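This document contains two forms of one protein chain, each encoded as structure tokens and listed individually as structure 1 and structure 2.
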Structure 1
């Protein structure tokens, strides 16, 4: 619901000097992100977005040259925000943090931004498979950058965490990100919290389903951080 957006970077050059410039643009972006998240790509028309902004459809073209440009902006902001949050959370950990903590924090932060904080991120996950090929292709580079961050993170974990060297980290990354983003389709407050979800997924991926001996001896590290 809240109105998050990009940071001071990536602001349109033409309005960089005006302190309140982009307010109209910002409202449009926030509204578009919310509707795209709720309704999907095809069911969100420019008329709908404009109406929610208290405007008419034609007015949007003062801020964006086409629907696809607007959608592209929402997609980009969605990825860059979650990437920035996860990166920050991981970097805030001590340099010698163990693999379990690293993975748990990354998973928890991603889920928090996706499920609780950011309409842009959830809109991205929701509509990425629905947008025209041209929009998707233009956006791929931004997604790739976040995927590379995860690759590096998993590699770091594997070095320090005593991971099974037979695991193919590329597939692990795909599995984990699919599991994270897939939660958007079924997660509902009430049956479980984001914190529980993060804990479960992290333990599943690290320890697997098969019990280790002795079962009862495994501690729950970093459950609340």
Structure 2
């Protein structure tokens, strides 16, 4: 089993309006997400989840009709919360925001929510390929919508940032999202902050690894001609 670093405690997603029913449903979701992250899909049963919640297995059916419905909700939360917060953060920027600002805000927000919802997002990454096809297929629309958002964001960055037109933005999107999601396996508080990590990843994407002279220094010879 992969060892996942313990990031910040996740925020609880919104629950039903009935406080008692809502607390029970939320407990089940939080427990399921944690066990799925730790054990995987096949090794996590409704009986295991109920035992961790201090419930009888039958009590879970008051909230979810099946294991697959419960798993589908965990998967949905893991992506939708990240996607919603990233969209909100980018939309709050001014229309003339430059490429560096756009990318940094999107990267930082994705990382922040990803790590705060650690059990949900880690479970999503770990078990997506393990769940039954019908559960996976039902979830594809949510993932595809978020990928389309990133595709549009990168096109906007390319227009405002003068990016090399030969670069394939589809590959950039895959590179960035996989790098961000991979932080679930190794990021730990104390090594760096989310802000520092977001800055480093943004600089890596935009500036690469090759050391370059400052723009002002490179421009000086041309100015003397």
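Worth saying up front: this structure is predicted, and the values here are computed from it rather than measured. Positions refer to the first chain, counted from 1. Definition used throughout: the rigid core is the maximal C-alpha set that superposes within 1.5 Å between two forms.
If only one of the two is the form predicted on its own, which is it? Of the two, structure 2 is the form predicted on its own.
Of the options 79, 55, 100, 205, which one coincides with the hinge of the rigid rotation between the two structures? Among 79, 55, 100, 205, only 79 lies at a hinge between the two structures.
Through what angle, in whole degrees, does the smaller rigid part rotate relative to the larger one between the two structures? 17 degrees, smaller rigid part against the larger.
If the core is used for the superposition, what shift in Å does the C-alpha of residue 42 show between the two structures? Once the two forms are fitted on their core, the shift reads 4.0 Å.
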